[in-house]
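Given as structure tokens, the chain that follows is alone and in the form predicted alone.
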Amino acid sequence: MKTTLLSAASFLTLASLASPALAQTPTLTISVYGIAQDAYSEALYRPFEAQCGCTLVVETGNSSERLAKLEANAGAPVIDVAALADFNALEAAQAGLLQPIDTSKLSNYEAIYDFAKDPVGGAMAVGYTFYSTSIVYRSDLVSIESWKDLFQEGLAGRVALPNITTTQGPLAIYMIDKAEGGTTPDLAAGIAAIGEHRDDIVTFYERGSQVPQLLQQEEIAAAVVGRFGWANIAKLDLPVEWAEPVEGQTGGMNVLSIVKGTQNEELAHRFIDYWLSQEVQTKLAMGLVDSPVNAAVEVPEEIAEGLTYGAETAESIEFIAPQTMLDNRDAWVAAWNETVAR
């Protein structure tokens, strides 16, 4: 009987080593924005899990909230891969929270636009999506050819601008500053122009989702928005247009980074590479979730209309350098509070 028990135990031990089902499943924890999670699950998360035989744990929140969590757990990281705004990724890198990405492990690296390859320096991030920021307007009521046209007489009391504390806020000020002839990183000319016309602004919105409702209710006739919000605005039963001002358009970029101290470095590289693939980037673009950085992605014209799409468009966007954002944002907020919010 004793021999039989030993044999059974040996058999169970060997079976557990041989059977993948009984082995521990690798887990990758990712920190991402909370939007469009059903679409991400279908296009990205579930297919990757099937491919890698692993489990994804998804944590969501806005960029600054998730950056704070990385800082709080710096000594014992609980996140492997983080999706952040480019300037938040630079902030994390400068705080020693990220580790370089080995781009030789990314088979799709050469397929992405050059501006997305090393947007914060030191190989600390790669871009996975980008967007333009411009003005949407009621074409039956006004014409927009310049960022200065936001302050035309016909729009007084019918304009919405993003608040300085939102992602779109600094981008709007940046282009208004350029239109006003600003030449200094304090964006003084742009902030002054908004302050001069602050009584003509219906609201300084906190969420882009407010804009379609304000247009639908005819409380506004123009607003500054990111291109990712255009699809919902274009669905309105209103004559709305996306402006292409003479001064150009600005925009933003979201990036992927590997958290310093991860115990899943190889799996983290595989996940980032998969996200950058033509297959995944096409699925997300077709769902109007993300504008693709993979230059090989092709979508129909009606889909492209809802995205920031194509090499020509990508080259036309004036991004604010992440370091410029970090160096000046506190001063921008202070000047805004004194000039606009007073």
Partner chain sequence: MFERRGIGLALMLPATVFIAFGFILPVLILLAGSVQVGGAWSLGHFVEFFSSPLNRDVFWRTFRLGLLVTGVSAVLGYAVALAIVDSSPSAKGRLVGLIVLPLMISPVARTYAWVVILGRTGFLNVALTGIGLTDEPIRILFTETAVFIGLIQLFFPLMVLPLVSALENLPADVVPAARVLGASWFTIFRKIILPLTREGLVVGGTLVFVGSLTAYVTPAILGGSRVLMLETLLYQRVAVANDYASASVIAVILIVMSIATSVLLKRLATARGER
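Please read these numbers as outputs of a predicted model, since none were measured by experiment. Numbering follows the first chain given and starts at 1.
Missing here is the form predicted in complex with its partner chain; even so, the following discussion is about that form.
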- Query: Is Ser104 close enough to touch its partner chain in the predicted complex, meaning at least one heavy atom pair within 4.5 Å?
  - Reply: no
> Is there a heavy atom of Gly121 lying 4.5 Å or less from a heavy atom of its partner chain in the predicted complex?
Replying inline: no
- prompt: Within a 4.5 Å heavy atom cut-off, is Val289 in contact with its partner chain in the predicted complex?
  reply: no
Taking any heavy atom pair closer than or equal to 4.5 Å as contact, tell me whether Gln263 reaches its partner chain in the predicted complex.
no
Within 4.5 Å of its partner chain in the predicted complex, heavy atom basis, the matching stretch of 266 to 274, 113 to 121, 223 to 231, 199 to 207 is 199 to 207
Can you work out whether its partner chain is within 4.5 angstroms of a heavy atom in all three of Glu71, Glu219 and Ala341 in the predicted complex?
yes
Picking from Asn108, Gln152, Ser146, Asn163, the single residue whose non-hydrogen atoms come within 4.5 angstroms of its partner chain in the predicted complex is Asn163
Partner-free chain; cross-checking its partner chain in the predicted complex, the single residue of Gln278, Ser64, Ser316, Ser41 with a heavy atom within 4.5 Å is Ser64
Across 273 to 295, the residues having a non-hydrogen atom within 4.5 Å of its partner chain in the predicted complex turn out to be none
